[in-house]
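Form predicted alone, single chain, as structure tokens, below.
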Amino acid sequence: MDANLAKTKVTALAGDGIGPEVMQATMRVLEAGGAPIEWEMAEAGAEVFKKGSVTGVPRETLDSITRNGLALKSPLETPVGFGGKSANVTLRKYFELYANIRPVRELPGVITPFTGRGIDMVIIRENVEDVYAGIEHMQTTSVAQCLKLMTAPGCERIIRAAFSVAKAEERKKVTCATKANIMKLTEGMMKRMFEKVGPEFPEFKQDHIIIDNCAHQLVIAPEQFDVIVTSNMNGDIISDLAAGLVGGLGIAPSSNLGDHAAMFEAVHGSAPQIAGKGLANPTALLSAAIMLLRHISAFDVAETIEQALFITLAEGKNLTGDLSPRGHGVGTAAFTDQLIANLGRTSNLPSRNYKQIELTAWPELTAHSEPNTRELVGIDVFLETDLRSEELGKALEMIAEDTPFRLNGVSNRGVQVYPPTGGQTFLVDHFACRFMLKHPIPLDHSSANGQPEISYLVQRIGTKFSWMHIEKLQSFDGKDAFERPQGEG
């Protein structure tokens, strides 16, 4: 046990389904191992939804985590048919827990098709931006839109977090995985920021990989990866894939780190089919608690408990059913008893050397950067119609005739359909109509310049068509700040 460690107060969310059982087991092991933690119990999840909460997280729980800055969380349900947003997402968003840390390591005694490959990596997932912001709209009755928002500060802080984890765990390589070959502005921002920040950390090997190739390589040669940093949805997918290489979500922990709070959790679900039967495997939540111990610098206690877990898995005595090679395992209590009995023993698999993860603190202000020059060069108007593309294009050309704009083209689901390119595009009732200014208008971020011209054109369009939204087309420092549809010249 670490000497002279004062107890740290941690909010504990017992969760739903098997959550209370794995939480109790984890607390037993931590107490037996001398963990310097004082628990403060709080509620979240299904029972809170049933009381009428739309978030699944009551004010008392938010206040507890705010006071303590630390939480250990069992699985939470988002009930179907009632309730609102996921309680898990609520917690990540409320506390701006932007860095999701998912370690992936072969465990002794857990046999998979990849056993013996030396898998030992950590996946760093941006946790609050991307399409998971949940900004969605029905554009027509048959066309849905989801906005993918990625920001330069969001990309920078997750990339810096990845290098901080690499330093804390004495790793050697950081790989940035994106879809920058297709989404050049959003995913491309992550790649460009990696290339900008990377030279500050010359002690690490660095490379970039396209995310689909990353998924492929994780199956072909997972041992090549050390640290992977990626965006929110990419990270959600590949971290679950990687967990499958070493035994599945039932043994997968994660941490969610921010500037003001940190939450540690099991990745798996609430498994209601076995809830209350005493069969649950607490390995994932216990592993998350080990991450929590390292977060509060209780490194010796963390290693003692981790080694007891490794010994228990390696020897194969009194394992839960999901871990037993023959599927005839013991219950949660017996597995926990075996873990406690093994405290103080050392396995053949050493624990990594860990140091404190030092995140870059971000100022509490509205992030803004102003280019040297900014121009309005056009607008995209998204409208609904059942006209064919040629008829629509000619109508819009006539509308724009006596305005400062000219119609540049019309696209449907990202493909130019007017002027025609000869392609065979299936049309839906949602068209993006690009109008370019005949003379670009200089702007600054607070300028009303261009608004009268835009209003005049949109008003004219609105007399004949139903439009949904408008996107300004700007150039920053002489460079287009928008992408072109497939086929646009």
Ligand code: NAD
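Since we're looking at a predicted model, the values are computed, not measured. The first residue of the sequence shown is number 1, and the count goes up from there.
The form predicted in complex with ligand NAD exists for this protein as well; it is not shown, and the discussion that follows is about that form.
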item	value
Pro404 within 4.5 Å of ligand NAD in the model of the complex, heavy atoms	no
4.5 angstroms heavy atom contact with ligand NAD in the model of the complex for Glu156	no
Ligand NAD contact in the model of the complex: Glu265, any heavy atom under 4.5 Å	yes
Exercise: Ser411 in contact with ligand NAD in the model of the complex, heavy atom 4.5 Å	no
Per-stretch contact check against ligand NAD in the model of the complex, the hit in 265-273, 368-376, 133-141, 216-224 (non-hydrogen atom, 4.5 angstroms)	265-273
Interface residue in the model of the complex among Thr90, Asn281, Ser389, Ser239, criterion: non-hydrogen atom within 4.5 angstroms of ligand NAD	Asn281
Proximity to ligand NAD in the model of the complex, single hit among Glu169, Glu77, Glu106, Glu187 (heavy atom within 4.5 Å)	Glu77
